[in-house]
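There is one chain below, alone, in structure tokens, taken in the form predicted on its own.
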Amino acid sequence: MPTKSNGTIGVLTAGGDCPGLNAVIRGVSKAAMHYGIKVIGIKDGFRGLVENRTMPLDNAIVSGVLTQGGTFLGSSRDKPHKMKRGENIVDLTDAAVRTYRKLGLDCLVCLGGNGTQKSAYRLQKQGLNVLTLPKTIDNDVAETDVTFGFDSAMAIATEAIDRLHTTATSHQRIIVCEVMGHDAGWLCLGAGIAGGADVILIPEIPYDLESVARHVLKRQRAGKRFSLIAVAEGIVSREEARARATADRLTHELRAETRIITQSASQTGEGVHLVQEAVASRLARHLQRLTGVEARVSSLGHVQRGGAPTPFDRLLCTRFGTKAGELLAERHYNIMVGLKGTECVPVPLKKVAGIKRIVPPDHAWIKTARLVETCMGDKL
């Protein structure tokens, strides 16, 4: 190990929490310290950077956190260019840059999802060196085969679907299980296949309600008196998809404002559960009317974000973190560390920021689901 300092990095976690954040902090920190790099933890995401709230990280602090959920540094959804101060939303990018300079950082390491990638890229354009790692249970960050946290959330959602099977069977019901994922269907699709859901509805495939009802009734005629439906929170019906495609500019702007209000509510923890549950509840109510089969709803919510990471995520997080440490020692900045095949590789951040990775229509998982007679909601 080098005997003198080889630079200084800051590490922060931003956006929603998920399993594996502590494991990545550990991996980055231990690898960086191996190369003689000083590590500073930044508290509560970009807000901590703006407000210069930090803590030194050493081997003793990061030891023992591999299996712990959440992030001991804390997180927030604040963005430097759009941060709340009192009743106002202000641009505090300059304050973030000043803290970076004051701390003497050679690079800022940001752990986060799509919003974090964009915020990091904005800071890169302000002259800061940044390095990011892809975190989200939604698995929708571009230029990586998988994000950390996804496998853990999929395991939780799969277990929930497994458990719902027994009550659906016992009471001969339709049970609609709502899964997170925003506008990407990876989590719902993966958990739905792994849990043996009879119907899987994802945002990328607009659903036809009557098609779903016919599938349920077909199962009834075959002697299968229950149906389990996995639903992603961002699903849209065919009618809604057509309306969106033909909406005029005013309607588009109004919907954009609605999304902003919903996102603001998600930051405070108010209102989001009701908005999300309404989607699944409406679907269940209509299916009960169309099929005559009693329907119930289960919304998993934030339980998908909690708890210890799976072994896969612990390994992935450690690999991401140590690869980041190697790249930092080489002073290879302004990149995201992604997984391509079996290798952790650097990707220019400009190829990631602002791009959402959704499920393509020809993806192997969709073909797999169809081949085991899972209804995807789109066949008449």
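Counting begins at 1, following the sequence as shown. Here the structure is a predicted model, which is why all the values come from computation and not from measurement.
The same protein also has a form predicted in complex with a small molecule, omitted here; what follows describes it.
S.K.: May I ask you to choose, among Ser119, Ser227, Ser152, Thr136, the residue with a heavy atom within 4.5 Å of the small molecule in the model of the complex?
M.R.: Exactly one listed residue reaches within 4.5 Å, namely Thr136.
S.K.: Considering Glu143, Asp78, Asp198, Glu233, which brings a non-hydrogen atom within 4.5 Å of the small molecule in the model of the complex?
M.R.: None of the other options qualify; the answer is Glu233.
S.K.: Thinking of the small molecule in the model of the complex, which stretch from 125-133, 180-188, 218-226, 237-245 has heavy atoms inside 4.5 Å of it?
M.R.: It is the stretch 180-188.
S.K.: With a 4.5 Å heavy atom cut-off, would you call Arg305 a contact of the small molecule in the model of the complex?
M.R.: Because a heavy atom of Arg305 falls inside 4.5 Å of the small molecule in the model of the complex, the answer is yes.
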